[in-house]
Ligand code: BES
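Only one chain is included here, represented as structure tokens and corresponding to the form predicted alone.
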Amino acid sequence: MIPFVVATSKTDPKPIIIVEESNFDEWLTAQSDLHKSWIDSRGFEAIGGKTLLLPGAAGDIEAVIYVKDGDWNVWSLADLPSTLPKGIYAVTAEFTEKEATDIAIGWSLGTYSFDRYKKNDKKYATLMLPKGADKDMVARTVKAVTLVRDLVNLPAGDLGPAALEAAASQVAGEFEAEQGNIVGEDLLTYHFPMVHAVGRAAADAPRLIDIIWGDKDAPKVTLVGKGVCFDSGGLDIKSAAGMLMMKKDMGGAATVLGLAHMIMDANLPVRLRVLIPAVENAISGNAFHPGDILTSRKGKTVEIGNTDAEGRLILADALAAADEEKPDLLIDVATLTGAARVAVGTEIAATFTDDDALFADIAKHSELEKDPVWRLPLWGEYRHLLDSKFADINNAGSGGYGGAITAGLFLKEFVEKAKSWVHFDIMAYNVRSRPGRPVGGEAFTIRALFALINERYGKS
């Protein structure tokens, strides 16, 4: 449920008084002696982001002081729903439409809790929808981010390839989108051999999820998401510690489903396609081996240097299928490499594209939405690191350096016809708690990407 209310004549919210940090002393001089004494007695420091409850004559809460420092953004008030006493509050400030919308989004996301397996009794404060806020955009964004977080947080025992297909079906069904699913041995018939090879060892059959929505004559926007529901590493098996967070290896798939939900909910005039190769990289007698040579959908042969570099294999087949339609914009999202985390840490989406204008637009919206990205190079001089003596390309870069770049270069081999392509290598998980962003699954890039797609192709 979205934790905001629409103003009614019966609503009597407690005001959240916004005071600029630089003007706090001036503001304080105009307050009553009671409030001056109260603020002084609390030893309150007027530092940006700090709040203080002001008591009323009856001992209840009369108002909340919020000290502001800097511009408004989506996370400005995101900690307040969990730190203020339960009740209804209203912000006494003038906002632009975007500021008002962002404030409501952040507040709502500040109430998120993954409580499927552990009951959460926390009571949250409710915000009166700020004047000028786009209520539909708030609901759309919060629902999409919640969808992504919930999917990533689900353990692999409850979200295998079949369950991920079912989750995709719910999204597609809500908007009457077409969905096709190619499962098991049919992957060979319909030419997705690397998806089949990576997933064939698991009891839960591999599959290619294909969703299509919108006018076939509209600009083509195609989203591809890595759907490795659990990654053991295959025969190049991970350590126990390395497997602990591998339920999140389908974070790319969750992300594109969340973004697709936003696009369809907003009824953007695009021809949307979503491709999700969904597998579990497991071990059994028919697991693919190091040294195997696979023939991809595109016809390129791929030597397996490491079975734990499986995500790029399934993405390659899906990207090749997407590329065949010559989309106007092709986006892939994946929890692809540890090297990207070394390069940009856990809170920034490593971004690869050879389209400078596209990245400039992504970077603009990333800043506006506080949805961070950082561009890394598709450095062609490193292509030799993927050379194979026996096949067209190796799936694992040699030398141990530039792993996120060589992974991007590998994917680039399977994209030729798309007008624009961008690859995101994401964490899909918060390793620390911040306002509105608790530890657990996270929706990287979708707010920035929705803004980009809306700007490029939205209704005028």
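The model shown is predicted, which means the values in this text are computed figures rather than measured ones. Start at 1 with the first residue shown and count on from there.
Absent from the display: the form predicted together with this ligand. The rest refers to it.
Contact with this ligand, judged by heavy atoms within 4.5 Å in the predicted bound form, is confined among 127 to 135, 356 to 364, 197 to 205, 248 to 256 to 248 to 256. Scanning H261, R149, R312, R273 against this ligand in the predicted bound form with a 4.5 Å heavy atom cut-off leaves one residue, R312. The listed set L336, I209, L154, A172 contains one residue whose heavy atoms approach this ligand in the predicted bound form to within 4.5 Å, identified as L336. Contact check for A396: a non-hydrogen atom falls within 4.5 Å of this ligand in the predicted bound form. At a distance threshold of 4.5 angstroms between non-hydrogen atoms, R341 is in contact with this ligand in the predicted bound form. At the 4.5 Å threshold, heavy atoms of D317 stay clear of this ligand in the predicted bound form, well away from it. Put simply, E99 is far from this ligand in the predicted bound form: not one heavy atom of it is within 4.5 Å.
For the marked spot (K298, S420 and H423), a heavy atom within 4.5 Å of this ligand in the predicted bound form is absent from each of the three residues. Residues K226, D231 are the members of 208 to 236 with a non-hydrogen atom no more than 4.5 angstroms from this ligand in the predicted bound form.
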